[in-house]
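Just one chain is shown here, as structure tokens, and it is the form predicted on its own.
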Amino acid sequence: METLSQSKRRNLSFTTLDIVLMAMLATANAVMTFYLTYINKMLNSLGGPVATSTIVGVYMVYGLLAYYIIRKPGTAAITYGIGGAIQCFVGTTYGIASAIVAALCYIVVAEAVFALTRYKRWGMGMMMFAGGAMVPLWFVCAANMFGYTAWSWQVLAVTLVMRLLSGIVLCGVLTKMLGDMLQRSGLLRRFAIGRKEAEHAPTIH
């Protein structure tokens, strides 16, 4: 007979479907990042670092979306880890170091945020908070790696605010919307998000 602790460990372990989904999202991000490079260059020519900061949230969506769907400790570590590895292999405009450091920053923050909630809060407010929370640590690292420290404090402040808003909206809000849309389509019935919805669905007698 399976004990409660054994059942809990089984529910928290990753299934083959979980791993496939994380790999697919990481791969999709690599493709998206390739095309975002051109948009980033256009924005940079139009408004410099402030303009390019408006889309940083999009780069983080894949890992947060995986967490929202799978809802298991370590999801960010695996998803962002795979994403960073793919970026290293296919190449990135900003260099291999940036791909690795960015992934590590996202992993640390995302894992900490959901651990603090004991993996029980998945509402819009929580996703917005997680999206915004992943911004500052990478911003500090990027500032030192790419020379942002040479900017005036006013530009730095505006850039950080824009990145926070982008993280909240283009990562947090977009993740919640995409996850809920996929869940309603019935594609996620075998993932944690689908099982949670099924548990709370009204029973017709």
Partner chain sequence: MIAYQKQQSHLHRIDPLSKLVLLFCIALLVMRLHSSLGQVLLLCTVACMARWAAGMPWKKQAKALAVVAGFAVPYFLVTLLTVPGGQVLAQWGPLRFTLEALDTAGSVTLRMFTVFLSSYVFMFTTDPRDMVVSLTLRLRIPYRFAFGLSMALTFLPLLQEEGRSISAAHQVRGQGKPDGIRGKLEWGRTFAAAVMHNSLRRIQQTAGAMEAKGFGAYPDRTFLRTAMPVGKGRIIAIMAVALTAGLWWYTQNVNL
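Since the model is a prediction, treat every value here as computed from it, not as a measurement. Numbering follows the first chain given and starts at 1.
The same protein has a further form, the form predicted together with its partner chain, not shown here; the description that follows concerns it.
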Exercise. Does each of 20, 27 and 88 have at least one heavy atom within 4.5 Å of its partner chain in the predicted complex?
Worked result: yes
Exercise. Taking the shortest heavy atom distance, is residue 150 within 4.5 Å of its partner chain in the predicted complex?
Worked result: yes
For this session: Answer yes if any heavy atom of residue 195 is within 4.5 Å of a heavy atom of its partner chain in the predicted complex; otherwise answer no.
Result: no
For this session: Using the partner position in the predicted complex, report whether residue 129 sits within 4.5 Å of its partner chain, counting heavy atoms only.
Result: no
Problem set entry | Contact test in the predicted complex: residue 107 vs its partner chain, heavy atoms, 4.5 Å | no
For this session: Taking only heavy atoms into account, state which residues of 90-111 are within 4.5 Å of its partner chain in the predicted complex, ordered by sequence.
Result: 90, 91, 92, 93, 94, 95, 96, 97, 100, 101
